[in-house]
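Shown here is one chain on its own, the form predicted on its own, set out as structure tokens.
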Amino acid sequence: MPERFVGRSVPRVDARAKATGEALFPGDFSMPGMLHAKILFAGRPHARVLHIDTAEAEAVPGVVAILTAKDVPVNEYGLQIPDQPVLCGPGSSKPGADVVRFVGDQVAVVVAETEEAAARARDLIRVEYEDLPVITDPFEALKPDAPQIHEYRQPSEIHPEIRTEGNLICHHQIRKGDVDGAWSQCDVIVEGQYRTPPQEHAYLQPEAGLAYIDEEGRVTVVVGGQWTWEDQHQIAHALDLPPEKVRVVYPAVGGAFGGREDMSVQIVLALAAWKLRRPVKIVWSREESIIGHCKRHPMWFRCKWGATRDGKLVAAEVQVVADGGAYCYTTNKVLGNVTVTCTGPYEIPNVKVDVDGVYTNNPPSGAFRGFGAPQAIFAAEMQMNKLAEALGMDPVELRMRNLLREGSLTAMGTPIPGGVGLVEVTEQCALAAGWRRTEEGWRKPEAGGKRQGAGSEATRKRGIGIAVAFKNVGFSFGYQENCWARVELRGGAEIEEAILYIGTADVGQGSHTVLRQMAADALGVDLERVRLEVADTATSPNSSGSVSASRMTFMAGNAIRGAAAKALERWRAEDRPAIGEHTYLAPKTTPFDPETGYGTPNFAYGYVAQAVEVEVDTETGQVHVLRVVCADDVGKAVNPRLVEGQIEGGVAQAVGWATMENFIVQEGRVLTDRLSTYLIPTALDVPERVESIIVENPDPRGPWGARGMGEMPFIPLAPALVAAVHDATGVWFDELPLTPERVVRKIAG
């Protein structure tokens, strides 16, 4: 069947509704008889809750209920392991649930007739705490005599990499070849230490939602999230209900970036509606959002890499410590991805990697666009750029001599899955950015530090840098990746309507538009005849087709094709309506071998190269990003305009992380809890030019050849930017963000 809509930049299905304000986000929903909820946060990083006095709060007119730990049937939750109480305090059977472990732990929920009454009562709750030792340095937390943040920990059969000793959350390692013996074969050895900071997701809409009992008696939660199915199961577990008695619905979602994978307001909303049998609504303030949800993992890297004089990588040794914060969230999986990517997209015969995730009393670290790869690639690409300088070799030339290609062995000792586009993205990015390919090899544009910037001020210097990255598509490490879809065809002689049921959320990236395009092509019908029923556990009960791991297009596309084929077969048999269901099972992956790291952790990857041109004012420390060239191998651009939007959005977000987003936690307390102190890029801070290069090197197993790309544009920007600043100033920066103060201080020596 010829492609009619896949590959076209059709308008987004939600464009008009969002532009006119008709689209409803979680905070926009209301119901008759609705109550309002407010949450009392711990406000301290580590303490035991001895007593909660709610008498004064209960006397506030309009207060209907105040819920505490004793009201939660199963007082635990967690995406990987259930190590976090729903509400912290005495009275529940969960061991350790009476301890708060970071400032955003939830202690009580006030439900009242008005939002004002709920807020007033929340502030009148009196809590007696016994302060406990606060540990905010992961290196201190790893010491044998450090106080244990989680006293009651059970081994995990599902996640054997999760540990139970001390404050260690998880450990991963790789032992490939003979690293210790390989250093003698190296002509150049580069050692470096790097630190990458936390990052706030800064959603357009903070956490909000509405819970009620629907007409079938289900506890229904309308909320912003990324996995309806996982939300449903965690809510059901905490309320001790069968999953089918819980319904989760995602309306329009005001941004996610990984941060909505984990729970925020879902369980407490469901708890309140379930107990009171009335609708309950909550909307977090920006300050509550910044305190209450997870952040990008801060990480520390110690790297030692070696190469021969002709630029062949021989050995890489990497040690990583990551601050997981107060709870596990997805730390074990994020650090699995760090383990895969910390030696870069290169074939290296000798590799030694040790990666530790650590509990502290800082805000939890969780999923964020790139899922550990931005931190790991920052360290890897910094090492590559420093090696190029030490060898006197062009940075593109060094990469070309070592990039993974078809059949190359990864650091895990197994071949990289087919459809490898690293050479193509690197070539196209470098050429577009001004590199030249000569008989002697690649040659960089004229040295930036020798050129003056706009104006002719001597303090303004320009530079250019490049970086290359890869990242998994889909869930990994032995999980049987799957996606369910159902297609229902209605009509008489011809298909008049095609209904697609699937659990996938649209968190702003345009996924529902792409679903519609793929369904139309798979069925051979016009776009207008495809109707979506999405992101509702009532209509997609078994779907894991939601947004995470750059997987939506790959997984949902294959599920849609399977369901469409079955529906068309029944249509031809004159079934009306013709219904087809299909669960796509991706190729199997394997966990790391616990000793060697050997395995096939992923079934597909995405590939990206970026060049960044900057202007640095050496007097003020301002780093101005002039131009970004981003080449992404997307396999097949289902909607090229949406691909460009993902590139431009990812670049802007990465510029913020690299240059200005300075999330400050002191002794476990967040000092940057509002957007006046935590700065994110504005229209004046984004690059003057972003040039998107769409490379289509089909993935052999992707639908229409498509591979995931939503996270890729973020990943290599920071090391490319730092390389550009070095090109301009001659100074390396091993720590992010490059705030003006840090830049001026380092340049001054």
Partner chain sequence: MLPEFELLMPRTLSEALEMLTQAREGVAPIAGGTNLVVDMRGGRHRPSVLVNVAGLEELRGIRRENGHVVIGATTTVAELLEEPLIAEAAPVLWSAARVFANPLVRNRATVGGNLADASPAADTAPPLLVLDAEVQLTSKEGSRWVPLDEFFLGVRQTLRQPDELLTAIRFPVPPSGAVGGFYKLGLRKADAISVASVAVVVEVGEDGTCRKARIAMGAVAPRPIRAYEAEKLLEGRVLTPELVAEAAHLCAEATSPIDDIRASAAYRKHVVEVLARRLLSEERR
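Residue numbers count along the first chain shown, from 1. From a predicted model like this one, the values you see are computed outputs, not experimental measurements.
A second form of this protein, the form predicted in complex with the partner chain, is not displayed here; the remarks below concern that form.
S.K.: Thinking of the partner chain in the model of the complex, which stretch from 327-335, 612-620, 350-358, 406-414 has heavy atoms inside 4.5 Å of it?
M.R.: Comparing against the partner chain in the model of the complex, the contact stretch is 612-620.
S.K.: With the cut-off set at 4.5 Å between non-hydrogen atoms, does Arg460 touch the partner chain in the model of the complex?
M.R.: Yes, Arg460 is a contact residue.
S.K.: With the partner left out here, check for me: in the model of the complex, does some heavy atom of Thr677 sit within 4.5 Å of the partner chain?
M.R.: Thr677: yes, in contact with the partner chain in the model of the complex.
S.K.: Determine whether any heavy atom of Met660 comes within 4.5 Å of a heavy atom of the partner chain in the model of the complex, and answer yes or no.
M.R.: Within the cut-off, so yes.
S.K.: Spell out, yes or no, whether the shortest heavy atom distance between Leu684 and the partner chain in the model of the complex is within 4.5 Å.
M.R.: Yes, Leu684 lies within 4.5 Å of the partner chain in the model of the complex.
S.K.: Out of Thr672, Asn167, Thr589, Thr539, which one falls within 4.5 Å of the partner chain in the model of the complex, going by heavy atoms?
M.R.: After the contact test, the surviving option is Thr672.
S.K.: Quick check on this chain: which one of His171, Arg218, Lys386, His624 has a heavy atom within 4.5 Å of the partner chain in the model of the complex?
M.R.: The residue in contact is His624.
S.K.: Counting only non-hydrogen atoms and a 4.5 Å cut-off, give the residues of 7-38 close to the partner chain in the model of the complex.
M.R.: Heavy-atom contacts to the partner chain in the model of the complex: only Lys38.
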